[in-house]
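Only one chain comes next, encoded as structure tokens, the form predicted alone.
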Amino acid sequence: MSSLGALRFHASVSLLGRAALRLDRLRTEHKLARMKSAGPHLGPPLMTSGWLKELISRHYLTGRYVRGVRKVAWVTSGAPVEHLKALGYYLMYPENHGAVCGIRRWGERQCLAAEDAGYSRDLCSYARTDFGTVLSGQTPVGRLPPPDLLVCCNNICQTVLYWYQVLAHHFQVPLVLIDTPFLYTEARPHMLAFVRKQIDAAVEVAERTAGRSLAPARLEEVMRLSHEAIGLWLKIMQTGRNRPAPITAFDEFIHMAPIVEMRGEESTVAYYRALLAELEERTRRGVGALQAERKRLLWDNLPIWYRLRPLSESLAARGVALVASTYTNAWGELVERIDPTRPLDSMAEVYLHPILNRGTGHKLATMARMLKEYQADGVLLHSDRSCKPYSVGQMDQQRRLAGELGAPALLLDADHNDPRAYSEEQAENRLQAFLEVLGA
């Protein structure tokens, strides 16, 4: 670490940055406190939204000045990261950054930049957003730090393997691949041993790149914090079982950011404690996320990032609460598999079991369980043009949800980050027809 780099980091992030972000948070909280509703048909805004904004802004501010101060790892959203956190790496998730680009309407321009360089429009729009960012150097968060290490786990899809090979070639840095066997049924001991061996190898590469050894006590502490944060996140989502639901999946899509890229940190645990307390108080007072909740729906697949607000308001106008999502649930449902006293074995088990590394029957069973637990009246299946692993089997699932479970389901065609694959008029017409069937 250079003394000049450390000084600039300390001044820009630890002193001026934190002070400015804290002031901005106080202003945001003051503004939120004066708002009676978050929209014409929505309930009061969540006060913890100001804290969330501070956490995310601080994360990207740190990234702007971290080069030469801490090692940087770019990781896929399903990759083991606790050992990296314990070694002091700054973690950057291209998918999370892609979501920020989508929400801020940067997704299309980044995708176009990637396509102009020869990448197919059929490629995942997260990957195209990332390639567009790397090639153009432009991002709504200011600047992304180049990686010292790339960590890719194919437990979410195979696209990430080729995506990260492109990044490794561009940045000329080591690439660690963790290959997880697909679970058609249950995990076998040899599968767990296979993943554990790869995690051991990943730790060695991370230690070598960081120039330090992994401290077992520090790893256990990170795992403990990660376990606590994930447990809190699960409880936060489960408050949606109440009537009226104090939080919707639209809120969760935004408030899930820390559990993805900041788990294993004390600030994440503190934030989720505050959010849970706010939701429990709302439940006690009977305050819902909607002004008038009449119907409840479950969401499947990634969000449509660039249409979150319009979709939320459109459903709220009909009294429809999106009370749960398989996507946000995926970041909480594995909490019982985490054992901080067995960190590496625990990591092998957790990262082998994400919803996208299991068969479509498992996802259908998950939706059936969630329909019952959240008392949902139907399902919105986002048929995501560029996320085929999450969308495969949805037509069959739509038929079985309606036929076997009595839960009407709508296939909504879109793309999570590329607005060119979304037809506003068509989507609105189909959604309104579906809601009329539900009686909303």
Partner chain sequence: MPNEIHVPSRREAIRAQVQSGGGLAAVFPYHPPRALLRAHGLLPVEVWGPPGRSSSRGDAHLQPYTCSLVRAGLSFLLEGGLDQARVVLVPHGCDSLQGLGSVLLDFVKPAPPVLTCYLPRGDRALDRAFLADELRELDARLAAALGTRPDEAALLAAVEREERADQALGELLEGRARVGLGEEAFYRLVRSREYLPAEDFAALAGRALAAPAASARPARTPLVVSGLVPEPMALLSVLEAAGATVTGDDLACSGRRRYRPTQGPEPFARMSEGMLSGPPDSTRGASVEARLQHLRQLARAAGARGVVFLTLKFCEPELYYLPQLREGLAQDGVRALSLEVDLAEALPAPLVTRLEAFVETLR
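Residue numbers count along the first chain shown, from 1. Note that this is a predicted model, so its numbers are computed, not measured.
Only in words, not in the display: the form predicted in complex with its partner chain, which the text now covers.
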All of D122, W163 and G361 within 4.5 Å of its partner chain in the predicted complex, heavy atom check: yes
Interface residue in the predicted complex among D339, E280, E207, D179, criterion: non-hydrogen atom within 4.5 angstroms of its partner chain: D179
Proximity to its partner chain in the predicted complex, single hit among Y351, F253, F131, W233 (heavy atom within 4.5 Å): F131
Interface segment, criterion being heavy atoms within 4.5 Å of its partner chain in the predicted complex, picked from 55-63, 385-393, 370-378, 35-43: 385-393
Contact label in the predicted complex: G211 to its partner chain, heavy atom within 4.5 Å: no
Its partner chain contact at F194 in the predicted complex, heavy atom, 4.5 Å: yes
H190: touches its partner chain in the predicted complex, heavy atom cutoff 4.5 angstroms: yes
Its partner chain contact at R399 in the predicted complex, heavy atom, 4.5 Å: yes
Stretch 141-163 - residues with a heavy atom within 4.5 Å of its partner chain in the predicted complex: N154, C157, Q158, T159, L161, Y162, W163
